[in-house]
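Next up: a single chain in structure tokens, the form predicted alone.
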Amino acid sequence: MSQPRIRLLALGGTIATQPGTQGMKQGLGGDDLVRMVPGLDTVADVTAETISRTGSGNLTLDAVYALAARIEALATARDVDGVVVTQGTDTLEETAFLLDLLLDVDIPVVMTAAMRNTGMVSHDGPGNVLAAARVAAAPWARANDVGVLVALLDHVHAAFDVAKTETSRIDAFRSPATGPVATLVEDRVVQLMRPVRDWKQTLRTAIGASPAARLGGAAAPVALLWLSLGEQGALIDAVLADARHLGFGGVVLGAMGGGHVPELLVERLTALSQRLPVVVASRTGAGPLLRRTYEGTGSEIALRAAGLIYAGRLPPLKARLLLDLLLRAGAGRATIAAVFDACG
């Protein structure tokens, strides 16, 4: 029996670093990563491409759009049975979710990375690549069925739910609201649950399938404004005062709790929402936003009635990516609201 054909697409990150003069530096490519994994050839026929050699903080949205287009080209040509993407951990949850938004492919797409660099005794990169290849070879893991997956430390997470929750611990990645989709035991990938994907169909109805190639390129950015104790709203004032809204096409608020803002900001946020889409997401990072629990000026009931859009279960970082995609697609306010409503 022939082995599954897996393509590893390498973007850089800690997993691909090597010693420099003062610390670790970028440098390893996809072929280097394949060579460092003992037993990888017993799991799949793995070939590699080096897409970039950079820290994940340097990636751009358009670079991820181009990556999605490359994955779709591989799937359309039937050149591979699965894809593994390696990158740095700093923005991995964002890249994974953006790929999940963009891709329509009937093969597994699995992201992985490393928390410990190649100069450390217990470097986790090789084990994570091996685990990701096992997941990418699993028939149930097709992206059209379960979405883009993230395999780290023998756990498999859905892109919608995964978050980096520590700066440097080896177990930094978790899915706070749901737990992992699967776990790796011995040489098996054991599925634990099936992610809810209703939101993806709503998105596809709104913008069409396979948007990566169509919607890459320049777009008005989305502002991400984090609200905190004693917030006075100077940044909101600046966006309101500028005729071009500082170049922003929309705003995501990292709001408090279940979707609340300080009362002194409500009038300005209401005015802003009449000019730009303003999406409310919880700064807590997990859990559905409230719909009709609290009344009062800064409550979810009042803000929804004022025209602010609520992000469902999406945290601010991911809500920003979805709003950016919808704006690139030219979606109107009602469509944007409907798509976010489908997210929980």
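One rule holds for the numbers: they count along the sequence shown, beginning at 1. Quick caveat, the model's predicted, so the values are computed rather than measured.
There is also a form predicted in complex with a small molecule; it is not shown, and the following applies to it.
The three marked residues, D161, G285 and P315, fail to reach the small molecule in the model of the complex, with no heavy atom of any inside 4.5 Å. Site annotation in the model of the complex: the residue of G29, G55, G307, G298 reaching within 4.5 Å of the small molecule with a heavy atom is G55. For the options G88, G147, G250, G125, the residue carrying a heavy atom within 4.5 angstroms of the small molecule in the model of the complex is G88.
Stretch 55-63 is the answer when you ask which of 38-46, 55-63, 290-298, 307-315 has residues with heavy atoms within 4.5 Å of the small molecule in the model of the complex. Taking the partner from elsewhere, V261 is found to have every heavy atom lying beyond 4.5 Å of the small molecule in the model of the complex. I236 falls outside the set of residues with a heavy atom inside 4.5 Å of the small molecule in the model of the complex.
Among residues of the shown chain, A114 is one whose heavy atoms approach the small molecule to within 4.5 Å in the model of the complex.
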